[in-house]
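Here's a solo chain for you in structure tokens, the form predicted alone.
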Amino acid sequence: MRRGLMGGLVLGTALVAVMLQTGGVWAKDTVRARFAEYSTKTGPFFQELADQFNAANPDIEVKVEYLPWPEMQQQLMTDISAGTAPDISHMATRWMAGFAADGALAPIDDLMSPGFADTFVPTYLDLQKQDGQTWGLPIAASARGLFYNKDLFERAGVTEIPTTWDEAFEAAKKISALGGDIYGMGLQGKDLDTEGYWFYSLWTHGGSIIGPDGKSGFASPEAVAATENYLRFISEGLAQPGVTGSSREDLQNLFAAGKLGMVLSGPWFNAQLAEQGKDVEYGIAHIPVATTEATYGVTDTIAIVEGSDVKPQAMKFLEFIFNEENRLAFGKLEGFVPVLKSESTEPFFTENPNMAVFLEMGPVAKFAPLLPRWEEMAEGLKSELALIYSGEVEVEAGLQAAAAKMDALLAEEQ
């Protein structure tokens, strides 16, 4: 009896030691995962996934955090500097290059299960790669299109959906002539993605961000024509007042209120209109063209931070949220285009005209370059565009200043 008790104590002690050494059920690994909010539904969605994952994985506890998009970049930079970054972080893909170059992100190629990478649409996963390594996963992808208000078109006598910028200009004149506080075209001049709004015009005029000589394309003849294209909407009073004070959200709110005839935006806008623009009958068309069909393609990334002590556990959670069922649910919730091959044939995307149009434009989508100092280059462009839109600087002078700053930053990287 005594020997049995002692034997049991010895066995129990050994078992406890093994469990503690191996991180067993008594020592959960905690994974902090931070997400950016696309809508008020984003945080609760990932919290529900974390709850499911935690229940199925008793040795891991995922704790979900979420922040508004405008706060994400600065907060991540602050946390990385302070050593308080989460294990998993959401970010714009265009930020990823800088974080990866600074050593803040972990390459995930060796963390992924065999075959997992093959479940993605190659176009979107390839954007997560630099220097032969994969730095994150495409948590969101979108193309952009022309949202137009059917009622305002009808009242203004516009019977054809604009396919060129000249047609959009003529339609905007008729819609703005309705009077009151109704305007033909929304133009963005402030905050996140202001440079992206300009890219619509740049690319459809045949321009490029980086020219064939490897230098900035911000001051090319095509870029000048693209900028003058927007200026005519402003100078004729066809865009909303105060373009340089208008963010993407401001434009979307005006459209949802029935005050704009046209605005350029992405598939997520459908969800906002379903809630806030129920009285607006709208359609979505391709971006108007000057010389070249194009649209702005954007991906967001979710990555594992290099300082994490639980990288394999973090990867396990990422593979859970990117399984076919969970990924499809997220795409439907927020309205993003498919990033998994299995999503691409879903009727939700292929049979819904408000989603299918974005899939149609996928082949002509262009992306911002993955350059470590791209954000500084984009900020230089945004500053000059604000001066140009407000009439403080001539088009060519402003664009040349933006190009000079970009070229200087490119030279510093070489």
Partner chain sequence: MWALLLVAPCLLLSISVIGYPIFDVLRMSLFDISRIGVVRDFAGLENFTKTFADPVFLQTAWQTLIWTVAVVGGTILVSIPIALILHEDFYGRTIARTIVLLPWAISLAMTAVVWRYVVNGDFGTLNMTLSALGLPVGNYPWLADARVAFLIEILVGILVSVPFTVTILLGGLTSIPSTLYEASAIDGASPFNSFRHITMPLLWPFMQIAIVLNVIYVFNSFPIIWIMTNGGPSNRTDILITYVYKQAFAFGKLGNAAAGSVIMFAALLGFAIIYLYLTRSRGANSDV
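Numbering follows the first chain given and starts at 1. Computed from a predicted structure; not experimentally measured.
We do not show the form predicted together with the partner chain, though everything after this point is about it.
Any idea which of 195 to 203, 76 to 84, 208 to 216, 134 to 142 reaches within 4.5 Å of the partner chain in the predicted bound form, heavy atoms considered?
Residues of 76 to 84 come within 4.5 Å of the partner.
Each of D51, S265 and F330 having a non-hydrogen atom within 4.5 Å of the partner chain in the predicted bound form: is that the case here?
No, the whole trio is out of contact, none within 4.5 Å by any heavy atom.
Using a 4.5 Å cut on heavy atoms, which of D166, E236, E293, D102 is close to the partner chain in the predicted bound form?
That would be D102.
Going by heavy atom distances of 4.5 angstroms or less, which of K173, K259, H286, R248 would be at the interface with the partner chain in the predicted bound form?
Of K173, K259, H286, R248, the residue with a heavy atom within 4.5 Å of the partner chain in the predicted bound form is K259.
Hey, in the predicted bound form, does A386 get a heavy atom within 4.5 angstroms of the partner chain?
Residue-level check for A386: yes, a contact with the partner chain.
How about S342 - does it come within 4.5 Å of the partner chain in the predicted bound form, if we only consider non-hydrogen atoms?
Close contact is absent here: in the predicted bound form, S342 is far from the partner chain, nothing within 4.5 Å, heavy atoms only.
My question is simply whether E65 lines the interface with the partner chain in the predicted bound form - judged by any non-hydrogen atom within 4.5 Å.
Result no; E65 lies far from the partner chain in the predicted bound form.
Heavy atoms within 4.5 Å of the partner chain in the predicted bound form: does D309 have any?
Taking the distances in the predicted bound form, the answer for D309 is no, it never comes within 4.5 Å of the partner chain.
Within 227 to 263, the residues that have a heavy atom no more than 4.5 Å from the partner chain in the predicted bound form:
In sequence order, P241, G242, T244, G245, D250, N253, L254, A257, K259 come within 4.5 Å of the partner.
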